[in-house]
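One chain is shown next in structure tokens, namely the form predicted alone.
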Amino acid sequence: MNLFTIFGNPVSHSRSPLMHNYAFRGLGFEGCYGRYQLEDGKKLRETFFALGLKGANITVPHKEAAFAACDELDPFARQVGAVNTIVERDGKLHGYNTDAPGFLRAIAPFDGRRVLFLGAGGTAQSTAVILRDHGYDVTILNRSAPRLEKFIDQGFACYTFDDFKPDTYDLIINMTSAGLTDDHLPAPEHLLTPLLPGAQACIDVIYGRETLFLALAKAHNEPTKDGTDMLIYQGAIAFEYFTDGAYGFEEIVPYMRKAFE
């Protein structure tokens, strides 16, 4: 039996075990997927081997720690400095980033190209790069300046809450954990409210609940989308890595979607 898990803190809410176990069973792969609340990201590597894992997904706040834990990195993961999928091969940890390509698929139904990210963590870091590579104009808004340095170095327009001036954006996307275990907004309401009338949609990477950010958008009659599709699509791409390409994306997704039925 091949063992897999998701590392994060918090992690009890994660649907990844259901998604992957549905796919393992449906596709006939000998695998079992659990969850592990990891307090210290620096212990990710030793914990991975101690648990006898074949692969793992990584969620907040450990994606940058996962990057550091890997022996080998695929070119995109190396470019963005964040890993959310690890596979063990011959005693070495190989790191990938499936968040960004999963997110790209999730927003494909929208034709807007001007995007505002709320937050500057590991998910925003990888997704900003892939969106720009596919023709999107991405702006980053974050509470404080230090996390913006990498984005500034890569040429993104960046603002803090103190120096942000509202503009028109097609998609406004919460990339933070605000709303995951609380009722907080990812940015002050007085900054968000002027942006809503001009947006095509408001999107949250959090799934399984209506966050305060999505509720605010709905109150202003804005279309909303949670993180369900992103989670499923990045999970399907990770599953391809876990199973060494034995199954294709399109045959994996229907089984993973069962976790939300």
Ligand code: NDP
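The structure displayed is predicted, hence computed values, not measured ones. The numbering used is simple: start at 1 and walk along the sequence shown.
Although it is not shown, the form predicted in complex with the named molecule is what the next lines describe.
S.K.: I'd like to know whether Ile173 contacts the named molecule in the model of the complex, with contact meaning heavy atoms within 4.5 angstroms.
M.R.: No, no contact at 4.5 Å.
S.K.: Can Arg143 be called a contact residue for the named molecule in the model of the complex at 4.5 Å between heavy atoms?
M.R.: Although the named molecule is absent here, Arg143 would touch it in the model of the complex, with heavy atoms inside 4.5 Å.
S.K.: In the model of the complex, is there a heavy atom of the named molecule that lies within 4.5 Å of any heavy atom of Thr123, even though the partner is absent here?
M.R.: Yes, Thr123 sits close enough to the named molecule in the model of the complex that at least one of its heavy atoms falls within 4.5 Å.
S.K.: Would you please decide whether Tyr207 lies within 4.5 angstroms of the named molecule in the model of the complex, comparing each non-hydrogen atom pair?
M.R.: Flag for Tyr207 set to yes.
S.K.: Okay, which stretch from 72-80, 183-191, 107-115, 128-136 lines the named molecule in the model of the complex, with non-hydrogen atoms inside 4.5 Å?
M.R.: Contact-bearing stretch, as computed: 183-191.
S.K.: Quick check on this chain: which one of Cys202, Leu44, Leu195, Leu231 has a heavy atom within 4.5 Å of the named molecule in the model of the complex?
M.R.: Result of the distance check: Leu231.
S.K.: Select from 52-86 the residues with a non-hydrogen atom within 4.5 Å of the named molecule in the model of the complex and write them out in sequence order.
M.R.: The stretch 52-86, when checked against the named molecule in the model of the complex, contributes Val60, Lys63 at the 4.5 Å heavy-atom cut-off.
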